[in-house]
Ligand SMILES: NC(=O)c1ccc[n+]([C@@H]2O[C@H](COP(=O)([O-])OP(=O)(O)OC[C@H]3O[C@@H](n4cnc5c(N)ncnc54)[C@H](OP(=O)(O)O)[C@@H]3O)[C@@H](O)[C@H]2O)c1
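Only one chain is given next, in structure tokens, and it is the form predicted on its own.
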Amino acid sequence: MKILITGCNGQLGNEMQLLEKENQQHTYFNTDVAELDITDEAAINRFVADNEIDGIVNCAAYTAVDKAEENQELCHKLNATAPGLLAKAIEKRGGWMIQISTDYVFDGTNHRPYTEEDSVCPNSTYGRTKLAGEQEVTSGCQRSMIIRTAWLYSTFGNNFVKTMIRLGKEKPELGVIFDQIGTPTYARDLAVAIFAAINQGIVPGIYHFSNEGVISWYDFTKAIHRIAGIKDCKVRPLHTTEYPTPAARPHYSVLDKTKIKQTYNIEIPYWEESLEQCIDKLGL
């Protein structure tokens, strides 16, 4: 197959490129905005047709959650309109599409892991635009797969793990939210799951993916510092109300992964095992 990967310079896009070397039965077109503007319908249609694309993995998104509140138009363009254009373009070729979405489509008021059947209720611009993107892709492409993920990190780009390591080395004390609960996702593990879907065949629908386990941001930070060997930074637990942000965060965003595990017969690593792998690759 000929597969278009968008957002190749991001965390997930970079991990996808590394794993392509182990999945050489297909041809990949890795693009970011310099190679393909996914808000340009004519450019998308031309690229997909000229390169005879069979499938699209859309890793591109506007992910600055707080900035999204003041850049709503741009956020909607990248997170909703663009995925819809990609979906329509690949549908013309009878192809498939994987769209990466987020736990922010939920309001975080659950007390048990969210399943794919739970009602969506985003309470931020980012969450609303990502939900709109899911709907655009589902209606635009019959063979579409939506994968919702959460708390993404990797060795690439800016993310929570790298920030906590940097701050842990710079500051004697840090305050971190303890009353928001979820599960970290190592982008490489998500990329492995995406390749499982590609190689086994796309089963259309919505899926959830994160690492296994449950943790707060505070406990996650403590684990990051322990694994990274940071001992001189005191980490204090903060209430969400002590750290106000422009965008509301879900208090509970644990995702139930049963569907993707059963559909593609995959095992998902425990969050701490994956965190150790990532920090090891950072070579601290």
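When you see a residue number, it is the position in the sequence shown, counting from 1. What you see is a predicted model, and the numbers here were worked out from it, not measured in a lab.
Unshown form predicted in complex with the ligand; subsequent notes refer to it.
Participant: To test your reading of this chain, name the stretch in 133-141, 164-172, 151-159, 112-120 whose heavy atoms come within 4.5 Å of the ligand in the predicted complex.
Facilitator: Only one stretch qualifies here: 151-159.
Participant: Is there a heavy atom of Glu69 no more than 4.5 Å from a heavy atom of the ligand in the predicted complex?
Facilitator: Glu69 lies outside the contact set for the ligand.
Participant: So, in the predicted complex, is Asp37 in contact with the ligand at a 4.5 angstroms heavy atom limit?
Facilitator: Although the ligand is absent here, Asp37 would touch it in the predicted complex, with heavy atoms inside 4.5 Å.
Participant: Any chance Ser274 has a heavy atom within 4.5 Å of the ligand in the predicted complex?
Facilitator: Flag for Ser274 set to no.
Participant: At the 4.5 Å heavy atom threshold, is Ala61 in contact with the ligand in the predicted complex?
Facilitator: Answer yes; at least one heavy atom of Ala61 falls within 4.5 Å of the ligand in the predicted complex.
Participant: Considering the ligand in the predicted complex, which of Trp96, Tyr126, Phe106, Tyr186 comes within 4.5 Å of it through any heavy atom?
Facilitator: Checked against the cut-off, the match is Tyr126.
Participant: Look at the candidate spot formed by Gln11, Val33 and Leu78 and say whether the ligand comes within 4.5 Å of a heavy atom in all three of them in the predicted complex.
Facilitator: Every listed residue reaches the ligand in the predicted complex, so yes.
Participant: Let me know which residues along 164-187 have a heavy atom within 4.5 Å of the ligand in the predicted complex, or say none if there are none.
Facilitator: Nothing in the stretch sits within 4.5 Å of the partner.
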